[in-house]
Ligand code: IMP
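A single chain, nothing else alongside it, follows as structure tokens in the form predicted alone.
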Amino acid sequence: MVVFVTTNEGKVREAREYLDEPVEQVSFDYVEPQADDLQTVAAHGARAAYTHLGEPVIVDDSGLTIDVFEGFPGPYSSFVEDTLGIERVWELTRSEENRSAAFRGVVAYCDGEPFEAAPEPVDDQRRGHDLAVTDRASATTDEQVDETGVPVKLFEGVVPGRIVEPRGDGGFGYDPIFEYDGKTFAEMHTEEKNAISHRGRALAKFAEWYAESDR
């Protein structure tokens, strides 16, 4: 069984689509660190949840990164949405020649045990928008250890796109200003959006690793 620490039932339903193991939802509040990357935030949450529950857990974090802003808002996406609003984000980017962006999701797994070395390194090189679709969305898996010595396995899913003027009535958050393959997320049906979900891509990488591991 996999314990997904989240208050969002939709995330749990999505995880059950990818995992052969039963997925149990557990709510646990922890203080998120102020960090400039999603990996650190997710890893902290997984350690805190594992320490509290004493059993294997997964935690996720996600955000919108905008290239011209060097990955901002990233882990501050919710705060920026609440304080500035998505229309203001569009206004800040509309005059930029490069409006490339990406939705990124990180699934963090912790069971208190060490992990074997990942077969592939994390690839942070940017080699153009088209190659980024393959490089960033396919296989970014890493392990993080902090001063506590508790290792966390990280799985990243990425959906590349670009910032556009708000379009569409569906979705939520930044969906109306994020365009992928000619459509904003707000113009997509739920099933269409879920099929390319950044969280789904991260969950797929985790599910593949978990099925092959001896955990």
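Model, not experiment: these values are computed from the prediction. Heads up: residue numbers just count along the shown sequence, starting at 1.
The form predicted in complex with inosinic acid exists for this protein as well; it is not shown, and the discussion that follows is about that form.
Under a 4.5 angstroms non-hydrogen atom cutoff, inosinic acid in the model of the complex lacks residue 98 among its neighbouring residues. Looking at residue 81, you'd find a heavy atom of it within 4.5 angstroms of inosinic acid in the model of the complex. Shown alone here, residue 151 lies farther than 4.5 Å from inosinic acid in the model of the complex, counting heavy atoms only. Among heavy atoms of residue 61, some come within 4.5 Å of inosinic acid in the model of the complex.
By the 4.5 Å heavy atom rule, the three marked residues 11, 77 and 193 all count as contacting inosinic acid in the model of the complex. Contact with inosinic acid in the model of the complex, defined as a heavy atom within 4.5 Å, holds for exactly one of 29, 32, 36, 70, namely 32. Residues from 185-202 that approach inosinic acid in the model of the complex with a non-hydrogen atom closer than or equal to 4.5 Å are 193, 198, 199, in the order they occur in the chain.
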